[in-house]
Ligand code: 1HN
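In the block that follows, a single chain appears as structure tokens, in the form predicted alone.
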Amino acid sequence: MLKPITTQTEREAYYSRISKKHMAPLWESLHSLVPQYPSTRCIPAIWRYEDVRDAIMESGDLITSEEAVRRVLILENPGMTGEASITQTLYAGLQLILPGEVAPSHRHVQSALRFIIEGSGAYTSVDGERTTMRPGDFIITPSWTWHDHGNISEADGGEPVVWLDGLDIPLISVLDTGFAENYPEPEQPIIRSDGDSYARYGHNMVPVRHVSKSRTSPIFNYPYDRSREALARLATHSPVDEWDGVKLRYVDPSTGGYAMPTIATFMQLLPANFRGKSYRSTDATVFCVVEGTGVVNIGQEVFEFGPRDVFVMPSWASISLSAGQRDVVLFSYSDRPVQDALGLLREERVP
């Protein structure tokens, strides 16, 4: 078979002609469409809380929670400016609610997590149950559930409260499955007492006739004090992993699966002076520092971190974690459940 001999000019003319038929040559883009390894616009980055806190608090003077609906400063990955994304599939933002405010009730297809960073007095309500927010708590807003946030008055002890929002907004956008709806009132009726869901599902027990109807955990507040106690006990009495320290995954207690269908959530402890080995994974991950100081190496970047800082590890970027002279506790989240379900997850640990 004779090999076609054409000039680049002839090929360009051909490409121009077929473009009018809404076609394009695969051979011109094959290597970018099917790369040898993940090629992402997401880059390593850190948001140091001491550098951004003033801007967060200033937003409280700029706009009310009611006007904004959600007063949030988006954490935009520097490699994806303007896309409201911290990774290719995940969103992150820092939300502020002041004493006496209410962030009005609505619902949306996107699943959301709240990781509480600072302050006391705030609460969130999900489908008729209210829970108090405390620093270190991991709180879930399942897909298509009514939810609103509020804060008690300053006279009753309310303080400015800041939390990290994590949502699957970019993933839902790619799938074109986004819907949202506003509740007719600022706050939904409360029909269950604070702690009801934890009493039913948080003690290795479920109601006798419980049938799981959701892919999201029936617990929507995982208190930090219980997570911290588990990590401390394991760090004291069990071998410490050379890459992760002591790392636990939040689960749906009724199924043992992920707590959220599109977002995996984790809490880990790095013992004092821990020097972690390098690893990489296809699930780009967002970290929030709960306690302690340390250093993270992500690809060619080196970041020192402290309490309340947020940093991001891109897909397939090497990462290693080190702790300072005190224990470090890290909360993190990624799109691991999606990759697991599709058989796409890949990890590599350097010995």
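All residue numbers are counted from 1 along the displayed sequence. Owing to the predicted nature of the structure, the values given are computational and were not obtained by experimental measurement.
From this point on, the text means the form predicted together with this ligand, which you will not see here.
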Answer among 105-113, 200-208, 218-226, 269-277 for heavy atoms within 4.5 Å of this ligand in the model of the complex: the stretch 105-113
Find out whether any non-hydrogen atom of residue 147 is located within 4.5 angstroms of this ligand in the model of the complex, and reply yes or no. yes
Given that this ligand is not shown alongside this chain, does residue 89 nevertheless sit within 4.5 Å of it in the model of the complex, heavy atom to heavy atom? no
Even though this ligand is not shown here, does residue 171 get within 4.5 Å of it in the model of the complex, heavy atoms only? no
Mark residue 165 yes when one of its heavy atoms lies within 4.5 Å of a heavy atom of this ligand in the model of the complex, and no otherwise. yes
Contact residue in the model of the complex, from 53, 41, 326, 70 (heavy atom within 4.5 Å of this ligand): 70
Identify which of 95, 131, 188, 143 has a heavy atom within 4.5 Å of this ligand in the model of the complex; exactly one of them does. 95
